[in-house]
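Here's a solo chain for you in structure tokens, the form predicted alone.
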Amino acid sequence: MTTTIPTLPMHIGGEDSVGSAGRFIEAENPATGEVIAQFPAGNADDVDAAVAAARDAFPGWSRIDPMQRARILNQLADIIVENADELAHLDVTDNGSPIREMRNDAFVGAAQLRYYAGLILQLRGHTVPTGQGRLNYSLRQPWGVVARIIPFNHPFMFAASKIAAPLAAGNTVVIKPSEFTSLSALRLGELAKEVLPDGVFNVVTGYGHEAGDALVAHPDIRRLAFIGSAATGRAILRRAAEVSVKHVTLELGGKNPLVVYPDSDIDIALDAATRGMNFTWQGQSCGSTSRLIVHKDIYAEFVDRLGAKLDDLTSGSPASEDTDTGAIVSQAQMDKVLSYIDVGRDEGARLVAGGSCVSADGLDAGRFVRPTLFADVDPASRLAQEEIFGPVLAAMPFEDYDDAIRIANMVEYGLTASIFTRDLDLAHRFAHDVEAGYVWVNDVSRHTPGTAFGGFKNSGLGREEDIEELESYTQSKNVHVNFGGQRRSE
């Protein structure tokens, strides 16, 4: 008996679309290998249609009362909360991360919509003293059509939260989710029809080299934001510049250090090393603290105890509330993770925990890799330098502060960093010297609402999650008025 899988449409201008070419991408459950749905492989024609719809909707959306815009965004947040369980389960089956993480992602997406709805009246200009009979003031005005290209690791959270600032600022949006995880973004597009005017929010699915490239190159898109790898970010910058001058922001990769001093609370630092690596979503996070840099005096004990903690993590069905770590999103990503485990062995690092796929307990049909810890890693090795985006943690010792900061800064990335110590003088010195955009002291992974998130070096351009992101979705205009009939003084 043949099972018919559902076909989920794109959302363009308030209408459902199966795409101009009639081609589809299959959505596969990474925990079972089962095909669960299909959706359109959109192309340049579909992008043109979405941009045209967004362009037509822009005048009306940008001109409505700002507080009405805020009310609509809050209504969308309410709808997300009402449907949080459904949205979480879509991500579980599409992405492979555990249900409790994906449920939290739905609430984070709603919270970001509320946050930016509350900031709308902060989009203010200013006046400059000019003398009698004249007035000089500035305005903040939206760009128009904004494109957002989001990754696979937090499908719904990024779909909801990354449209919040551009919509709040009065822009219309075309979003392209990852071809590996498009289901929850498509559902969001369907739910948003209840409150957003047609064309204000459009969802185009497809491959990066087709739909993604068409968005980046589209002449009517002047504002673009991307979350993903550093290599793709650089390619987007090049491609965008070929067509028109665009404002581009990028949140890119990370190979983030977590530094542990002997005076820290070791139990707390051990928990942080586990949480900071984001094993609960298989290490698939640009903010993961994937380089563990531990003082030589406690290094051996710390690594042994951490290895035991990782061995205790439960790999299992992402739909289970008891699962600690789920499935890798795609076969290509799993192959990449396994190849880096081979790299670690070849480079002579010592395998402490994990390092293998999971084939027991009925998980053999899925893409499960055990949380992996390598010790005695050379800071200059590939394992310590290259972003894996998987559940592989590299541990290495350090001698003193200068050695720790040297190791922390010797990669091309600079997204996050963390230090554990009771010496606040040392902690603040580290926070100043480390080349990273977001630094934790005696903590990891926590994103405080209203604080700017973004990277140094090859980890990106621009900041998100605070008012700076909202302002980046506007252009500043200066207005000079001579209203008194005064002649300019010579």
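The structure displayed is predicted, hence computed values, not measured ones. Note that residue numbering follows the sequence shown and begins at 1.
The next section is about a form of this same protein that is not shown, the form predicted in complex with nicotinamide-adenine-dinucleotide (NAD).
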In the model of the complex, segment of 404 to 412, 115 to 123, 201 to 209, 311 to 319 with a heavy atom within 4.5 Å of nicotinamide-adenine-dinucleotide (NAD): 201 to 209
Counting only non-hydrogen atoms and a 4.5 Å threshold, tell me whether 279, 357 and 391 all contact nicotinamide-adenine-dinucleotide (NAD) in the model of the complex. no
Counting non-hydrogen atoms within 4.5 angstroms of nicotinamide-adenine-dinucleotide (NAD) in the model of the complex, say which of 456, 453, 440, 61 makes the cut. 453
Given that nicotinamide-adenine-dinucleotide (NAD) is left out here, which of 269, 92, 349, 227 has a heavy atom within 4.5 Å of it in the model of the complex? 227
Residue 213 near nicotinamide-adenine-dinucleotide (NAD) in the model of the complex, any heavy atom under 4.5 Å? yes
So in the model of the complex, does any heavy atom of residue 105 sit within 4.5 Å of nicotinamide-adenine-dinucleotide (NAD)? no
May I ask you to state whether residue 274 is within 4.5 Å of nicotinamide-adenine-dinucleotide (NAD) in the model of the complex, using heavy atom distances? no
In the model of the complex, is there a heavy atom of nicotinamide-adenine-dinucleotide (NAD) that lies within 4.5 Å of any heavy atom of residue 149, even though the partner is absent here? yes
nicotinamide-adenine-dinucleotide (NAD) in the model of the complex - contacting residues of 163 to 188, heavy atom within 4.5 Å: 176, 177, 178, 179
